[in-house]
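Below you will find one chain, with nothing else, as structure tokens; this is the form predicted on its own, and questions on how it binds or moves follow later.
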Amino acid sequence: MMRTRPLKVALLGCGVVGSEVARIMTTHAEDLAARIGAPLELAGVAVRRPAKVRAGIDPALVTTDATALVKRGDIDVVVEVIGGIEPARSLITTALEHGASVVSANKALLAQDGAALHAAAGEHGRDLYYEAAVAGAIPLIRPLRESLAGDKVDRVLGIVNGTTNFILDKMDSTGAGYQEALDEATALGYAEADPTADVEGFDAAAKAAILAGIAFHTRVRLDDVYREGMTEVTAADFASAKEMGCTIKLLAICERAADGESVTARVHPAMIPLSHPLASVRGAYNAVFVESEAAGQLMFYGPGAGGAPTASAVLGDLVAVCRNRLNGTTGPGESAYTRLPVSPMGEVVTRYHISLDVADKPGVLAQVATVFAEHGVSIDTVRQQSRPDGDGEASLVVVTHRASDAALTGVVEALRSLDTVRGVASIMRVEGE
């Protein structure tokens, strides 16, 4: 039986995502009411520019006073899609204090202050949901938090930023350089005017922190995530990757240590074999590969950004939170019982692809191999090729077996001290094997 009194929703932000949320609430009102058990009412929309025309939204609902809106007391759910740290943090906290549950898409805030926000939600008996914060339309947080609640997740490996995947895919498929591919992404609207958050890995790092915390039931903050951008990836790196049967992706990688006593979270470019499912993720799409003890390998794939896809995830959370509201219950909160430490990047073990510029003369390979051996790093393959211009230099590519980041750092420092090594052209990790 459907309740006739509507559940009141306040919307903070009415940009690309917020306007789609409002549109879907209106156009799918009957379906949403049937799924929830009560109709939804858009009770207010907080914006910075009230004079802007917003199709389908009653101007009487628009306000610039977001604080007054979340303090009203009659609001059942606050949907926050303004982004950033402040005023979003204060508004979410105030909403919870005044009896509203919260649905958010704010990855940066959740990665930085998720524990405090969860504590506030728990204190006031309200929900805090944020499926849209990690992978747009892709259902990922709920499967990790609920569907795999009885399993042990060991690894989460994913492409969680559509802009960077578009750029790298363009470099791979056309041979374009980084700047050329970025310019195309910008022209097509995939990249912001200032793409720093995407190409330097900040966006992906925030998502990695959220994923690691949920997957391993421990608290992982943005500062715990190792981050390396993709601006130094070159066409030559892609050529080397192809020779190895690989491609290059910007990956978010969250892992439980083999002994189960710690976790790691990192974001960086990496070579992955073409046989790996993530290698075939093209354009601006996202995909996340989850490895768990009982379920085995799972992959989640789909559009990771954009107004409609992100709004889909927001509405999914809104339906779940409203159902809880009607039933007088709350959904899963923060699960951080394991309290596992986050290991530094130096302890991370993986394979490496190192490209060196060396003198083209006998004995160089032996010197390089000795450096690797002295640091306990085993070599898998070596490829040396003379330069066609005959300048007395050669390219030397070394692919290692698994080694720690600290050991590899020692190797690189020692290589740079050799007279026969003219430079380290690139270093890239090899994942997905």
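Since the structure is predicted, the reported quantities are computational estimates derived from the model, not experimental observations. Position 1 is the first residue in the sequence shown; the rest follow in order.
This next part talks about the form predicted together with another copy of the chain, which is not shown.
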Just one of 232-240, 105-113, 357-365, 331-339 has residues with a heavy atom within 4.5 Å of another copy of the chain in the predicted bound form, so point it out. 331-339
Is residue 151 a contact residue for another copy of the chain in the predicted bound form, using a 4.5 Å heavy atom cut-off? yes
Whether residue 32 contacts another copy of the chain in the predicted bound form should be assessed with a 4.5 Å heavy atom distance threshold; does it? yes
Flag residue 375 as yes or no: does it have a non-hydrogen atom within 4.5 angstroms of any non-hydrogen atom of another copy of the chain in the predicted bound form? no
Is residue 192 close to another copy of the chain in the predicted bound form, meaning a heavy atom pair under 4.5 Å apart or at it? no
Go through 74, 261, 123, 146 and name the one with a heavy atom inside 4.5 Å of another copy of the chain in the predicted bound form. 146
Let me know the one among 323, 219, 98, 118 whose heavy atoms come within 4.5 Å of another copy of the chain in the predicted bound form, would you? 323
Where, within 51-69, is there a heavy atom within 4.5 Å of another copy of the chain in the predicted bound form? Residue list please. none
